[in-house]
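As a starting point, one isolated chain is supplied in structure tokens, in the form predicted on its own.
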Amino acid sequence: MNILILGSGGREHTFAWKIAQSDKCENLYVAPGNSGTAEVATNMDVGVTDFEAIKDLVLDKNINMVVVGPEDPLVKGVHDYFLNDETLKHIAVIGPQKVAAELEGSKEFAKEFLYRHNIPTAAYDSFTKETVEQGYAFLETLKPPYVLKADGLAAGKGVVILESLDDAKAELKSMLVDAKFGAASTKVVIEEFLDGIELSCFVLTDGENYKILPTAKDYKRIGEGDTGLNTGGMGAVSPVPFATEDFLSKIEDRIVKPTVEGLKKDKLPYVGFIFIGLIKVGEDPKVIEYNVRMGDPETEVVFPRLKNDLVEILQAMSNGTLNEIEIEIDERAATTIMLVSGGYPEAYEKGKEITGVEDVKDSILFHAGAQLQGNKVVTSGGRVMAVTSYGETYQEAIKKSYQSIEKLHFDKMNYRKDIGFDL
């Protein structure tokens, strides 16, 4: 098979790394890719939402399957674009159709879906610029802290949690009236705060059957002890030590099954990955959010633990035979620590040379915001590289990642030194 992966981050490098191991993959392309994907695939200079250019590439390279990494092309309808084109509709696309991608594209759509199918989640209401006064009144009915979410896609930065009622009201005004997140915050969802510990659940579905991948926990805040601004993710651990067999069966029975059944009932066509952001409140799981793709940096710890041939799984997803696949998981723990540019998640510089990559032997390096410049690897984004390691325990795996980081360097390199601290 000739396979095309859309995306350029650490998640897409992990996909490419795993797919390249399969005998079923003949030629592998990544658009646009990064310095890491260039080692295992052919990078193509095509944007993830340039559907015309993607079509030309697919036909030119005789692509049999397209694996969509990020959410943006899914929410914009890349799967539908293929289905509606005579020359493309026979090609397998891994990722939900546009109407189902609204589970991530709109927080309000997701909350309505959760309520409709009796899936446990936080109480909420949503507001627009015209109803900002009602928003203030709703905030007054809640206990602090206050959770405000931009309804649309805001690159993982559209969720704000505030302790003070006055700050929450000011933030609501900033999001709705001052358009802090642009079009993403023309509507804002306000939720009750759930107190607990978070984790992520990853589900594969062919639209009828589902399989559950290993759980993972990521660390979103820039600062040690989960402080400071939200990022796209500073590290991850898999499996999650507190996710006992009993707790995992609650996740499957109360959340995964009704989610997959809900997709069918609501006629939301879905072939792809469902990321379910969960919180453990007491002994019970509740849903914080849905994403319609694999998480990043969780992919960098989940896929390394997957023993199966990923292409076989993707084929089963695309032809409706996922029930015939038995998922095999490596018993070892995997952890990843994200190296980021100085200043991230605010303003940061690019083009810094990354050295020491060839000296790392005990970890897998998944490139994210990194590109080739001649024969050098240089930084090109905020989250630069994920350093993934295996261990008999997550503590051992974390230790290996930190030892590998000591061999790596770029100007103003930053990373969290406490991944796994809360476990």
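In this text, residue numbers run from 1 along the sequence as written. Since this is a predicted model, take the numbers as computed values, not measurements.
From this point on, the text means the form predicted together with adenosine monophosphate (AMP), which you will not see here.
**Q** I'd like to know if F193 sits close to adenosine monophosphate (AMP) in the predicted bound form, meaning any non-hydrogen atom pair within 4.5 angstroms.
**A** Yes, contact at 4.5 Å.
**Q** Answer with yes or no whether K149 is in contact with adenosine monophosphate (AMP) in the predicted bound form, where contact means some heavy atom within 4.5 Å.
**A** Flag for K149 set to yes.
**Q** Classify E198 as contacting or not contacting adenosine monophosphate (AMP) in the predicted bound form by the rule of any non-hydrogen atom within 4.5 angstroms, answering yes or no.
**A** Output for E198 is yes: heavy atoms within 4.5 Å of adenosine monophosphate (AMP).
**Q** Is there a heavy atom of L268 no more than 4.5 Å from a heavy atom of adenosine monophosphate (AMP) in the predicted bound form?
**A** Contact check for L268: no, nothing within 4.5 Å of adenosine monophosphate (AMP) in the predicted bound form.
**Q** Name the stretch, out of 344-352, 88-96, 136-144, 158-166, where some heavy atom lies within 4.5 Å of adenosine monophosphate (AMP) in the predicted bound form.
**A** The contacting stretch here is 158-166.
**Q** Report the residue, out of R305, K187, K220, K211, that has at least one non-hydrogen atom within 4.5 angstroms of adenosine monophosphate (AMP) in the predicted bound form.
**A** After the contact test, the surviving option is K220.
**Q** To verify the annotation, which of these, A316, L248, A154, I288, has a non-hydrogen atom within 4.5 Å of adenosine monophosphate (AMP) in the predicted bound form?
**A** Filtering the options by heavy-atom distance leaves I288.
**Q** Residue by residue through 92-124, tell me which have a non-hydrogen atom within 4.5 angstroms of adenosine monophosphate (AMP) in the predicted bound form.
**A** The stretch 92-124, when checked against adenosine monophosphate (AMP) in the predicted bound form, contributes K107, A122 at the 4.5 Å heavy-atom cut-off.
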